[in-house]
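Consider the single chain below, provided in structure tokens and representing the form predicted on its own.
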Amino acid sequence: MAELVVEHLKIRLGGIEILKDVSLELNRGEITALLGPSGSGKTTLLRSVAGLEQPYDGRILVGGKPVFDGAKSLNVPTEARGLGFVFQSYALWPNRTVEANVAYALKLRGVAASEQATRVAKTLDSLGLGKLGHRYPHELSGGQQQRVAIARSLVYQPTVVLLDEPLSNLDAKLREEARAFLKELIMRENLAALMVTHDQAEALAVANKILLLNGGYVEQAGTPEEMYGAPKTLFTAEFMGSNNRLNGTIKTVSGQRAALDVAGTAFDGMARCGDKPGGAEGSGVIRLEAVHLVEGAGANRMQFELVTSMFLGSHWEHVFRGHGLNVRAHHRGALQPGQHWLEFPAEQLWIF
């Protein structure tokens, strides 16, 4: 049984439809990341599950029990939903020690003092904070504060944890380390976690499933591998990863393959354009790392002028221009100025 179920959720804020029909299921040991542009409804969905925003239609179930049902006018208060919540700002009490911050959730629930001490100590130890219980938030690093916020959300043993951009306040290096820690923690504790993030790399690295929202609807949902490697729509293809877009005219569509005319050159690719007729406008999308530098003309190849290059440590990113197009490509080495042939492999070029 899924620990969190959202069915056809709809919410209106200030007369504007924010969520128009959103559904999801979340099981224990899973992290679902909510992705999407600003205003797509990510945070509103998280806050609706938490009970901080009230939808007008749909259902939300936690542990199989309804906590919101629009048809029955049921709306269980936030504190009675049994959810853990990690805020973006951590929201730690500055005048309370780490132990007191973590224990506060238990105190509110009327847990006996002796039980509070036991559970706080166990939770802090599990997060590597056992020796820091006497410190105050200002005496901790950003990563340690983040772990305290997580400890506070886990100490009363919820099965579902809501994470609102939990790593956004960390610097780049700490974020990379925290990703692994967070994923390992969710798996180890067998929790169900719903996470809002603006960082695609974070979602790909941490999540078991990604829900991409667009204008209040679910544009596509799937594993990180599916979302990155098999986008079903042009929006998904462009939103996930770094891409080149080649606009042109559909020549033919045959089964899983399609042909696109781009500035007089025919490109074969994977058909994602449905039943578009020949002559219709179309677009080809390809990841930067899929573009190859090659020697000479050939199938799915065009010649471009090198505009600039950027060294990114593990690879170079080169920018090319020609035929009315700007194209970027990843490559292991530096390039000399001038003309270069680029190949756009058909198996990695999606035609919409």
Partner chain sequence: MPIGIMRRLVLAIMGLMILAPIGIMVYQSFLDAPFFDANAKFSLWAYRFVLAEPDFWKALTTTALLAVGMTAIAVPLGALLAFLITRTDMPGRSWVEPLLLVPIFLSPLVLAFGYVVSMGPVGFITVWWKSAFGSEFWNIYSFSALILIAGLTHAPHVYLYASSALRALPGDLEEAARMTGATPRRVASDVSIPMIRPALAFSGVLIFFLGFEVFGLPLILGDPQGLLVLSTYLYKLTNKLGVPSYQLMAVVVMVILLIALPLVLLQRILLRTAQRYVSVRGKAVRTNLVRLGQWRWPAFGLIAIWFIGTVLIPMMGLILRSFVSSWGLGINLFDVLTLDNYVELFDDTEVVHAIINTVLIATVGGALSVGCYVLIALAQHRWRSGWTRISDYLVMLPRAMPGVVAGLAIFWIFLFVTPLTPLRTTLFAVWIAYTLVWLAYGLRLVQSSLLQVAPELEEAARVVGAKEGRAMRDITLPLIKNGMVAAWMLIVLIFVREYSTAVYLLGPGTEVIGSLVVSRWGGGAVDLVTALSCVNVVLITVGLLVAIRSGVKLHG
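Numbering follows the first chain given and starts at 1. This one's a predicted model, so the numbers in the text were calculated from it and none came from an experiment. Whichever C-alpha set is largest while still superposing within 1.5 Å between the two forms counts as the rigid core.
Omitted here: the form predicted together with its partner chain. The next part is about that form.
- At the 4.5 Å threshold, heavy atoms of residue 207 stay clear of its partner chain in the predicted bound form, well away from it.
- Interface residue remark: residue 94 is counted as part of the site for its partner chain in the predicted bound form, having a heavy atom within 4.5 Å.
- Interface residue remark: residue 306 is not counted as part of the site for its partner chain in the predicted bound form, having no heavy atom within 4.5 Å.
- At a distance threshold of 4.5 angstroms between non-hydrogen atoms, residue 107 is in contact with its partner chain in the predicted bound form.
- Checked against its partner chain in the predicted bound form, the candidates 167, 213, 83, 196 yield a single residue with a heavy atom inside 4.5 Å, and that residue is 83.
- Just one of 136, 217, 156, 181 comes within 4.5 Å of its partner chain in the predicted bound form, counting any heavy atom, and that one is 156.
- The three residues 119, 122 and 191 each lack any heavy atom within 4.5 Å of its partner chain in the predicted bound form.
- Judged by heavy atoms within 4.5 Å of its partner chain in the predicted bound form, the contact stretch among the candidates 260-268, 243-251, 83-91, 225-233 is 83-91.
- In the predicted bound form, just one residue of 34-49 lies within 4.5 Å of its partner chain by at least one heavy atom: 47.
- With the core held fixed, residue 217 shows a CA shift below 2 Å between this form and the one not shown.
- Annotation for residue 82: C-alpha shift under 2 angstroms between this form and the one not shown, rigid core superposed.
- Comparing the forms between this form and the one not shown, the C-alpha position of residue 137 differs by 2 angstroms or more, with the core used for superposition.
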